[in-house]
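Take a look at this single chain in structure tokens; it is the form predicted alone.
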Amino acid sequence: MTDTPFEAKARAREALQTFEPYDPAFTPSKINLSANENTYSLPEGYGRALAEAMASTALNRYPDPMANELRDAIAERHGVERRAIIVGNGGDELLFNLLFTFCGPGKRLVSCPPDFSEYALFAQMNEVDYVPVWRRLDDFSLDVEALVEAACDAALVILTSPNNPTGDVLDHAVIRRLLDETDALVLVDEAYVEFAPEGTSVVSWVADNPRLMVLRTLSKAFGLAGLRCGYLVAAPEVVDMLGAIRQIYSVDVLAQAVALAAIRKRDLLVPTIEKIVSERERLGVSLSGIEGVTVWPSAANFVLARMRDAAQVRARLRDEHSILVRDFSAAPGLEGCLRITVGTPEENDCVVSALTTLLEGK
């Protein structure tokens, strides 16, 4: 025994010692447009089906470890076999497990920031060599030649379509080149694809391309951010490996039951998704009409807007108007940028009015 003070951080793995608990900087507010949630009320028949699924679920039994009934419903949706689907506790669990399984020390992950920050964080946690191939900062387009070159030595490449936080969709030709010219596993994160034009998804490619994987979530279009349920469409061999290393029972009985009802009743969400897409276009036009604001085209349920003094504007939106948006102004390549979730028409009107007041003094 010694008198040395106990320091847990000093005993942790060196790669993890700089990490802090996740804090999205949420503040109680009347309007929260910061997390890309679906802010619309659930359609009546859809919400009723979810409630009935919860009410009829036995909580005294362990869940099916592989969520097979849910896998069957997802497989039917995408026209694949059950063995090509694995379900996770949100897309985050599946992302982490992919890096844990197929990367690790001495292996390389490539992605194209600005993109979802968890890619780089999970790489650091798993002691993976993370190689960013930065997007062009004027229009956020990809440097395709640099990407393909970097991918030649990569274990895994992650691309997001539509991309978070820039909102653009991926040219399918880029994926084709990665599959044809490299030996890397390629993950396309399609968390926001339900808001994108038809034909954006590459999930139908998976059956003929065993190195291609597609990630989906129920957190966005399905309005189930609080449920924590996502899934991966991949080659059965990939699914088997992920199934072997996953934490058992990571998708609880309520999540499985509600997600199953949501998948079966997904057609009831179509009018809401169409409304969000329509509002996205209206919000983008309205924000672009404010002096000094630049808005990029988006195929997701958010828009990225650049303006002067963005961090201060975000704080004043919160403090003076009780509106919460996401501040990216300190992130590399996103100086002066706020990401604004597309809300209801009333919520969108409020944020446009508040920004007009703050930026134009009206």
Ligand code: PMP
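Just so it is clear, the structure is predicted and the values come from calculations on it, not from any experiment. Residues carry their position along the shown sequence, with the first being 1.
Beyond what is shown, the protein has a form predicted in complex with the named molecule; the following relates to that form.
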Subject >> Option from 185-193, 283-291, 67-75, 139-147 whose residues, in the predicted complex, bring a heavy atom within 4.5 Å of the named molecule >> reply: 185-193
Original post:
in the predicted complex, which of the listed residues (97, 256, 219, 166) lies with a heavy atom within 4.5 Å of the named molecule?
Top reply: 219
**OP:** May I ask you to choose, among 114, 90, 243, 236, the residue with a heavy atom within 4.5 Å of the named molecule in the predicted complex?
**Re:** 90
Subject >> in the predicted complex, residue 202 touching the named molecule (heavy atom, 4.5 Å) >> reply: no
**OP:** Look up in the predicted complex whether residue 123 has a non-hydrogen atom within 4.5 angstroms of the named molecule, and give yes or no.
**Re:** no
**OP:** Using the partner position in the predicted complex, report whether residue 215 sits within 4.5 Å of the named molecule, counting heavy atoms only.
**Re:** yes
Original post:
Heavy atoms within 4.5 Å of the named molecule in the predicted complex: does residue 228 have any?
Top reply: yes
